[in-house]
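A lone chain, given as structure tokens: the form predicted alone.
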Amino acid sequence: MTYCVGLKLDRGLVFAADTRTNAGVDNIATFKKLHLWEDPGERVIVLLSAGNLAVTQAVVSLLTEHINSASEDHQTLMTVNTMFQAARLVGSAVREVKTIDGEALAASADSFMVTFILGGQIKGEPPRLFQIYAAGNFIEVSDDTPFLQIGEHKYGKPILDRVTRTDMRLSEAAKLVLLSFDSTLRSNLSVGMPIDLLLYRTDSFSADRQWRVEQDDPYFQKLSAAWSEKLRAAFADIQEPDL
């Protein structure tokens, strides 16, 4: 299991993903689930992945392979003109991997369960954010709910629902996302650190604000402790029912 979040704000985009993968309580490993393709000054494209690790890695490898063997006959993430076209490319890659591996996975009782969050900006249009499903279809984030989650999202969703605003500063949104992760980490052992975080400022066309949050990160430890303290204080201040 995993947990990934993407936010689309007035000032840009925020992405975060954990790195834990496991096949049982005694077989835990760390794999990067935040993938980046960048052409400085022209485009920044980020893909977050959740689900069957072999399938998600195959999709990412296929997308990268297409870039490395680009031709005039085939579009790649580095040649498409819009993020909508980029989402279609990712969806096509998912379907291609499913055609190759889907039957074998079904025969071995493994599931072709994958989801992705795709976001970024291509010069000529504003930043955009999509969620892509195992069937290769996708949706785009709305102004009403300016965030997307994949993986083990239920523990981190309440704070995002209550606090997210499109006019947030990117650093403020990063704090919010880390609090969402803190709630998830406390409630589900299948999500684990380190956390990969990327902040993208609109029209910067640069992915220069990246941070890997380790288990012993001083800021994250301070954030977690302060949040627990504030929650306990807020709980104590609320009037009890008259029973």
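Each residue number is its position in the shown sequence, starting from 1. Note that the coordinates shown come from a computational prediction; the quantities given were computed from them, not determined experimentally.
Heads up, the form predicted in complex with another copy of the chain isn't pictured, but that's what we're talking about next.
Novice: Can you pick the stretch from 125-133, 93-101, 163-171, 76-84 whose heavy atoms fall within 4.5 Å of another copy of the chain in the predicted complex?
Specialist: One stretch meets the cut-off, namely 163-171.
Novice: Could you tell me if all three of L176, L179 and S183 have a heavy atom no more than 4.5 Å from another copy of the chain in the predicted complex?
Specialist: Checking in the predicted complex: L176, L179 and S183 are all within 4.5 Å of another copy of the chain.
Novice: Taking the shortest heavy atom distance, is A207 within 4.5 Å of another copy of the chain in the predicted complex?
Specialist: Outside the cut-off, so no.
Novice: Considering only heavy atoms, tell me if S187 and another copy of the chain come within 4.5 Å of each other in the predicted complex.
Specialist: Heavy-atom contact with another copy of the chain at 4.5 Å: present for S187.
Novice: Could you confirm whether Y155 comes within 4.5 Å of another copy of the chain in the predicted complex, counting heavy atoms only?
Specialist: Flag for Y155 set to yes.
Novice: Does any part of Q221 reach within 4.5 Å of another copy of the chain in the predicted complex? Heavy atoms only, please.
Specialist: No.
Novice: For the stretch 210-243, return the residues whose heavy atoms include at least one within 4.5 Å of another copy of the chain in the predicted complex, in the order they occur.
Specialist: Those in contact are W211, Y219, K222, L223, A226, W227, S228, K230, L231, R232, A234, F235, A236, D237, I238, Q239, E240, P241, L243.
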